[in-house]
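Take a look at this single chain, the form predicted on its own, given in structure tokens.
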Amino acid sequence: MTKEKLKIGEISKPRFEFRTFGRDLEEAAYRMTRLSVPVPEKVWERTSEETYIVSKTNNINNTKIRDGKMDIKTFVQEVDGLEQWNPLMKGEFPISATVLREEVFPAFQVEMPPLDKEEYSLEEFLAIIKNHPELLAVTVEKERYGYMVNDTICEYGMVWINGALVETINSESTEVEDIKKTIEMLGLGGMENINYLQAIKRVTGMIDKKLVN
């Protein structure tokens, strides 16, 4: 069977991903720049500011808000240490109380707060999060640089989590073996796979674990 040819910046079938976070990943990032094939200009450099919603009880649903839109991805499976995530829901603000009750708060795996309105603006929703004892809204600013190594979609990024700067690097593909080879090519063999949800919890002190360096 011929494997799917990935195109960076375009949607494909669900991918597997390796990602890690640390204070210094520049050596691997340098190797990524040297090994990359040319990529479209639209992915050379991208910046964004997002809000992630995290809770101590949830490790399988990754919720972020960007440009007034909410995106929740859910963990599907792990294969050879690589993670696969699929979309769970997408929504826009103002958002209905029905969606909050039936989709959003169940994804957080926390007690449902009282909702006395039919719909909520982004500001009203974030106020609910702020007042909930088990939830935390975290500002995440990203500066990302896109590459393509060994037929896998890659990026190196600088990420500010509530103002704290960390670095991230990743490789993703529909093909597990291609990612595993890319990890070795970049000198990342043996490094822990850390997704955004886990990295944010570590940086904010929600869980007592360090990044890779």
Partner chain sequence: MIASVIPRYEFRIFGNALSKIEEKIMALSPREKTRQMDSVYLLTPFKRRNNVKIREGIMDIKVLEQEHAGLQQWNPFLVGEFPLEADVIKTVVFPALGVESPVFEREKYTLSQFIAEVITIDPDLAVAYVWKTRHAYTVADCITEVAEIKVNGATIKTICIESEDAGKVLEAKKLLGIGSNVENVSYPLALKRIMGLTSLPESWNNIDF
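Positions refer to the first chain, counted from 1. All figures in this text were calculated on a predicted structure; none of them were measured in a lab.
From this point on, the text means the form predicted in complex with its partner chain, which you will not see here.
Across the options 131-139, 96-104, 118-126, 77-85, residues that bring heavy atoms within 4.5 Å of its partner chain in the predicted bound form belong to 131-139. Although its partner chain is omitted here, in the predicted bound form all of Trp160, Thr204 and Leu211 have a heavy atom within 4.5 Å of it. For the residues Ala29, Val166, Leu188, Ile65, the 4.5 Å heavy atom test against its partner chain in the predicted bound form is passed only by Val166.
In the predicted bound form, its partner chain sits beyond 4.5 Å of every heavy atom of Asp71. Shown alone here, Ser48 lies within 4.5 Å of its partner chain in the predicted bound form, counting heavy atoms only.
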